[in-house]
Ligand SMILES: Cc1ncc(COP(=O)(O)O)c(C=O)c1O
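In structure tokens, one chain follows: the form predicted on its own.
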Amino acid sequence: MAGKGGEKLAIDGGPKAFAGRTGVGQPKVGVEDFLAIAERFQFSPPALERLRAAVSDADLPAGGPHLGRYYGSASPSKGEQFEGLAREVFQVKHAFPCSSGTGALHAAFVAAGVGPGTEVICPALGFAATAMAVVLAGGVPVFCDVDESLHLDPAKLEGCVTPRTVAIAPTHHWGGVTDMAPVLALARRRGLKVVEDCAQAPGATYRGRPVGSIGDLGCFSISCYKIIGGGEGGMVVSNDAGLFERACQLAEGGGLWRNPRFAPPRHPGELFVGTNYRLSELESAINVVQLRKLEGVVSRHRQVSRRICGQLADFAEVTPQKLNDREGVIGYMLRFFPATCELSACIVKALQAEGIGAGTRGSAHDPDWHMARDMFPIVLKPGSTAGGSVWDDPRYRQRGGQVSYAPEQWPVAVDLFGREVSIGFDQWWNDDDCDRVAAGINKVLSAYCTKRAAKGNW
């Protein structure tokens, strides 16, 4: 068929009206973007100039690289590599990389059924992001006191359960682990989900199982603030396909994780509104490398910790942190509790004089969002808008919800948080470094405390 002007249409064998671009374009993402990343890696100016001289936009694929997970990413994408490696490392069936640990928690709580009118039990010690993610999901956090492990006290857990409770969020923090067996036993008995917050303990284990694989869902922070991670990043994992699907629904744009992605619901309740916590290819590329380092990082920390702690003596006025799994903790920090805050301050000052990095807070410490008492976005019960507080939601009130937040409810957490002395361990210390640090700790504690004949219980 010919057009009205007599020309034969291309569909019928005629010439194409537009056979291709003749204008010369530039890639959307090019060498300057690459150098901006190199600059962020803090290469020196001479090194940056050498990089600039070595590459040009002509070396890039047509159109330049695509730094999102889909539509043009290399196959398998770095995101796919990251989640595949996470399944292997954390021994789970499902893993989804998120833009942050907080995003992973939000997705996990939604997956676990947290919403208006519900409550989640969180430890009174652990970063505020855990409780804030509960609120983001529409629920109300309830804080449970800790024991001398600085983790959630299973003996006090039952008293925190109400008809509104839908989940427990044990936090494995500061390289340690929660005593998960009694937590799981109670959760199964009461029909509650368990969401593990593993942000500060990736690589730790409990009775031989990696944290994050023990409860119903596990959440990680793979970021520059943790023992692995180069920027921002997180991960939600699960062995339950249904719960994982719900977590992806929230984290991956309300259903974009599916194939075909724009299809109608395949079963009732599958689709609901979600957001975008998907991790970029740039962060995934770095975190693939970082996650591969985890085994070595944990192994070195444990070696250092065991060498130092094996040499520490027993002192009457000092209680070492309780370890819920001595073999499973990472050991990047030593924590112990002198009898008084005044004694803690003296010990820390003396340790610092010996060249050993140590810290303590004291009873009147500045606000710290690792302590429930100071988590003002939670304990003041604010809403992001007028009338938008989850604590005042009629659906919560109608179910009898009325939680209070008072330090008197968490006496152990308040006491230990003020008295604790913490000493950071360096994974790169050699045996001589460890021996000198151990000798320095014994030297200081011997000067201020009563040494006992018994072997240390560190």
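The shown structure was predicted, so the numbers you read here are calculated from the model rather than taken from an experiment. Note that residue numbering begins at 1 and tracks the sequence as displayed.
Just so it is clear, the following notes concern the form predicted in complex with the named molecule, a form of the same protein that is not shown.
Exactly one of the stretches 159-167, 263-271, 312-320, 199-207 approaches the named molecule in the predicted complex with heavy atoms within 4.5 Å, and it is 199-207. 105 is the sole member of 86, 105, 279, 120 with a non-hydrogen atom lying within 4.5 angstroms of the named molecule in the predicted complex. 130 is the sole member of 284, 130, 238, 344 with a non-hydrogen atom lying within 4.5 angstroms of the named molecule in the predicted complex. By the criterion of a heavy atom within 4.5 Å, residue 218 is excluded from the residues contacting the named molecule in the predicted complex. Proximity of residue 81 to the named molecule in the predicted complex: non-hydrogen atoms within 4.5 Å are absent; the residue sits far from the partner. Contact annotation: residue 226 falls within 4.5 Å of the named molecule in the predicted complex, judged by heavy atom distances. Mapping the unseen interface onto this chain, residue 213 falls outside it, with no heavy atom inside 4.5 Å of the named molecule in the predicted complex.
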